[in-house]
Structure formats: C-alpha cells, structure tokens
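This document starts with one chain, in the form predicted on its own, laid out as structure tokens.
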C-alpha cells in the first residue's frame, strides 16, 4: 500500500506542477495583461507604465518562479478590482461553496446509490424504469432552468423556502437539490451497472449457498465491489461542484468562489482568476488522489495493478 501511495503521490505532484504552469500561462495567452488592466481608452504610455508597475516586462520564466514561490506560501497577490489580498478574498468566499458542494454531494450519494441498488435488485421492473427515467431527466434538464423552476415554485407560488441568499441553512436547500440532482444520474447508473454485474458473479452465488444473510451478501460482498467506480466518479463530480457551481451560485445569489470567478473574469482581475484556476484544479488533484487510495483499500488488486 505504501508503494502504491507513493506512486500516486508523485503523479499528483506532477499534475499539480503542470496545472500551475498552465494557470500562469493563461494570463498571457488571453492577450496583453497590461493593456487589459489599463482599459480600451489607455494610451501607449499608460500601458507601458502599468507593464512596468506589475512586472510584466520581465522574462516570463522569472515571473512564474516568483508567482509559484509566493503561491506555495499562500500569497496570490492583490486583487486588481477588490483591492485586497486574493487569499483573503478566496477564504471569505469558499465556505459558501464548500457548504453548497458538500450538501449537494451528500444529496447525490444518498439518492443515487440507493436508487442504483434498488434498480439492480429489480431489473426491468417498474422500479427500474422509474429510476432510469429520473436519471434521464437529471441529465436532460438544464441546471439553470431547473433552478428557476424551483425558485418560482417554492419561492413564490408555494413560499416555503427562500429563493436566494446564504444567510441560513434554508437558503441552501434549493441550490443543493439542483446541483445534487445533476450528479445523481451518473452515480445511480454506475451503481446499478456494478450491482447487476456483481450480483451475477460466482462468489455471490457461493455466499448465498453458504446461507449468509441477504443483507450481508448485499452490503458486505456485493455493494463493496460495485461501488468502486462510483468512488472515482463521485470524486470528479465533487470537484466539479466546487469549481463549476458558477451558474447555481449566480442564479441563487450565493457569493461563493464560483460567483467570484465570474466577477473576476468579467473585470479582468487576473491575480484572482489565476488563483481560482489553480485552487479549483488542485481540488480535482487532491480528490482524485484520495479516491485512488480509497479504491485501493476497497479492492487490494488495484495496488498491484
């Protein structure tokens, strides 16, 4: 297990290094950052002054080394628009995004995995058809449209939930349902497919023939092996919820990091955009690393693959 962990850790560090290079390069691939900061009406002298002020006239490799050395220490510079340290800005917004993503992921797991298990236990039945229909609707419905419909229904027609804001836990119910419902279909289908494959395996028939309780066969032997691909997909979905919740946060007026990313891109706040891209990407790297270790713990064969 230690050798497998070391290999995955080295791979994660290499991916993180590549991400840092790409996120820094995006600043220059989008055009001249000094001209973007100065604005369309700026003169050449003003643009040159800004280029010198922010150090854009230095070699790119030197700028990258300085930027990544500060980033390792948690210093991403100051926001051009908000006028405050980027680290403080992100830390002030990230609790909203973590709350939303965590509750949405819990919703998707609590709904998706049981639905997949029940659908696999009764294949081609009315229960299976209902579960598949819910999954298809979850992928077909645009998230912003679904969010607006819930706001109209439960915020105005049946006013039992607040339609926007983040002042209390009630404000997170509707966005949790919308964001979690989007991830539910993939978890449900993977669980269903895995359970159908595992339940027809020889070792499951042997466990039943030995007289084990059905609950033991289902949860200890079948579900543990069927859930392995679900862990990997759940890690990716959770990373998407952390970094890709910009639409949900905008619709429900949740001022998290997703909404901050939209604000920073619109206002050419490059230090904040760079930091958010790096932070969002590192979320994926860390979650993938954790999911690999969890899969190796669930299935020892992965460690020697």
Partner chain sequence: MAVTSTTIPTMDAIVGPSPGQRLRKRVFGHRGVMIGGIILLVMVLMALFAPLIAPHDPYTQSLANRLVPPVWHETGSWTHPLGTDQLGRDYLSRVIYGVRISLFIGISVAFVSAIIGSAMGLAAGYFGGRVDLVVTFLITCRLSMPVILVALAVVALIGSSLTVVVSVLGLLLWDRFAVVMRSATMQVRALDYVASARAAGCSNARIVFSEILPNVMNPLIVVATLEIANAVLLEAALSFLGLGVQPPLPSWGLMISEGKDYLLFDPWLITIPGLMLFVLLLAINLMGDGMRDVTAPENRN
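Positions refer to the first chain, counted from 1. For clarity, every value in this text was computed on a predicted model and none was experimentally measured.
The same protein also has a form predicted in complex with the partner chain, omitted here; what follows describes it.
Stretch-level contact analysis of 79 to 87, 98 to 106, 187 to 195, 168 to 176 against the partner chain in the model of the complex, using heavy atoms and a 4.5 Å limit, identifies 187 to 195. Proximity of residue 19 to the partner chain in the model of the complex: non-hydrogen atoms within 4.5 Å are present. Contact annotation for residue 294: none of its heavy atoms lies within 4.5 Å of the partner chain in the model of the complex.
Interface residue remark: residue 158 is not counted as part of the site for the partner chain in the model of the complex, having no heavy atom within 4.5 Å. Shown alone here, residue 285 lies within 4.5 Å of the partner chain in the model of the complex, counting heavy atoms only.
The putative spot formed by 7, 92 and 253 is not touched by the partner chain in the model of the complex; no residue has a non-hydrogen atom within 4.5 angstroms of it. Applying a 4.5 Å heavy atom cutoff to the partner chain in the model of the complex picks out no residue from 79 to 116.
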